[in-house]
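Next comes just one chain, in structure tokens: the form predicted on its own.
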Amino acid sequence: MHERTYDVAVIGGGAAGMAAAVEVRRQGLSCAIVERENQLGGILMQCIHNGFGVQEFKKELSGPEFAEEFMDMVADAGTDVFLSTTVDSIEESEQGKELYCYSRKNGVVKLNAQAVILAMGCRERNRGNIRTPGTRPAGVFTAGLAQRLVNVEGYIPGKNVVIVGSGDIGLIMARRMTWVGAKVHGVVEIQPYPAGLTRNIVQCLNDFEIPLYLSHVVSRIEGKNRVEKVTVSPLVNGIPDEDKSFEIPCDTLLLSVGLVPENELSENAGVEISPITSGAVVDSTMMTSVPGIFSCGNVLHVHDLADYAAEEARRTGAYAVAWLQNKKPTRQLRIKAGANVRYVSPGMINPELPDKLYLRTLIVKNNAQLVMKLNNNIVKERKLSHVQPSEMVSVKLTKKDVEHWKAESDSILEVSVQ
């Protein structure tokens, strides 16, 4: 068994994992990245469209270009990287944490680390998660798998396509399938509003005249060996109206029905998981319920942009270093999701060292107002031109914002949208 020792071990080599590792090395501590794929970059390597890096690098990049920027920084920082290596478990030890890993090349690898940063990303929900009835033919793919088949493997999944879900990857695949010569007959969305970014609705659907069926569901999949058609039903009071249902002949069904953080490893390590985000519950330093284990990126909560995940991960790397140097917050305020807010991350804030909050709303609204209350007193307000559940809202808090906050350590900061 190979054994190595580091100050920090990062699990996952996508945007978040690389950003966190680079920050740890920048501050002078030893660090290793463990990645189960045969290269760094994660899902970025199959995202050949532009739109990455505007915030992080001040230039527009494709997914692979965005990943390569971080790969260069990882190499320049001298970070050790274990590729094609899977972490099986995280165990406690007298020295810190023990990561038991497996790889075809090195066999069993044991990594000793004082701190661990979880950055495993997320996976797609599939047909079983949404329980669509019908037969079980070939031709049903998650949108991410179809993206990999087209962009990495060079295969076209089908010629006549229907997409379920208007999340960003589904919208992007509507355009991509059109570009490779397939006919996209429509995108079916269960909600009364799109789930993806507005720019993707315009660039991926409107520009190609692809229909978007809001408040509709695919109520049945039919086909013997291969998908032959799907039945689409409008929703009336949340129930499919069979009298107004219609059929769309197709040979391929792509599912863009949400993402789930990859937290099985976290749960086995004893990390508390939020029932709202399916990610870890973290404090103001991004540390989980297990001391010395931190979480960031899509494994914590699903981000809109890789830039946001990288930004959050960079701060997490700095927090892990501070924890190892015994620089811990003396006071943390709990954060509560108030009216029209699904969740706020992180779940606590240090008023002496304020940082950035991320949240998702439960409503679609123009000219909304973000309101923060401490002990029922309004401490910060901010105008939001538009909010919707699919677009994450970020709020940066400065020392000036919080210097007048006077509260006990058990006070709760409530964040609402009106």
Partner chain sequence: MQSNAHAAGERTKVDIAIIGAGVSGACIARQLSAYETEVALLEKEADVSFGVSKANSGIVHGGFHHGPKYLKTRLEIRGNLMYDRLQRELDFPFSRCGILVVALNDEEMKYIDHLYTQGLENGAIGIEMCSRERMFELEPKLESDCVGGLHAPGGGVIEPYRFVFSVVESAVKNGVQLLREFEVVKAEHSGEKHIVHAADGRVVEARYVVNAAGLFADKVSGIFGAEEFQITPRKGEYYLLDRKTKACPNRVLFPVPTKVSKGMLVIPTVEGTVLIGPTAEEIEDKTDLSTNADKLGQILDQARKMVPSVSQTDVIAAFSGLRPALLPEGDFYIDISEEAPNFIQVAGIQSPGLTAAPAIGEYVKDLLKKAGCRLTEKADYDPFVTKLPRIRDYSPFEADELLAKDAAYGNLICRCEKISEAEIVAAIRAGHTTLDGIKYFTRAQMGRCQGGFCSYKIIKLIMRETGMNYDQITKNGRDSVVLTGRL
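Numbering follows the first chain given and starts at 1. The structure displayed is predicted, hence computed values, not measured ones.
Only in words, not in the display: the form predicted in complex with its partner chain, which the text now covers.
In the predicted bound form, residue 347 stays away from its partner chain, with no heavy atom inside 4.5 Å. Put simply, residue 133 is close to its partner chain in the predicted bound form: some heavy atom of it is within 4.5 Å.
For the chain shown alone, residue 157 is a contact residue for its partner chain in the predicted bound form, at least one non-hydrogen atom being within 4.5 angstroms. Looking at residue 328, you'd find every heavy atom of it more than 4.5 angstroms from its partner chain in the predicted bound form.
Note on the interface: of 143-151, 208-216, 339-347, 297-305, the segment with non-hydrogen atoms within 4.5 angstroms of its partner chain in the predicted bound form is 143-151. Comment: its partner chain is not present in this chain, but in the predicted bound form one of 180, 276, 322, 236 has a heavy atom within 4.5 Å of it, namely 180.
With the partner omitted here, the residue from 203, 112, 103, 191 that has a non-hydrogen atom within 4.5 angstroms of its partner chain in the predicted bound form is 103.
Although its partner chain is not shown here, in the predicted bound form the stretch 256-283 places heavy atoms of 262, 264, 267 within 4.5 Å of it, in sequence order.
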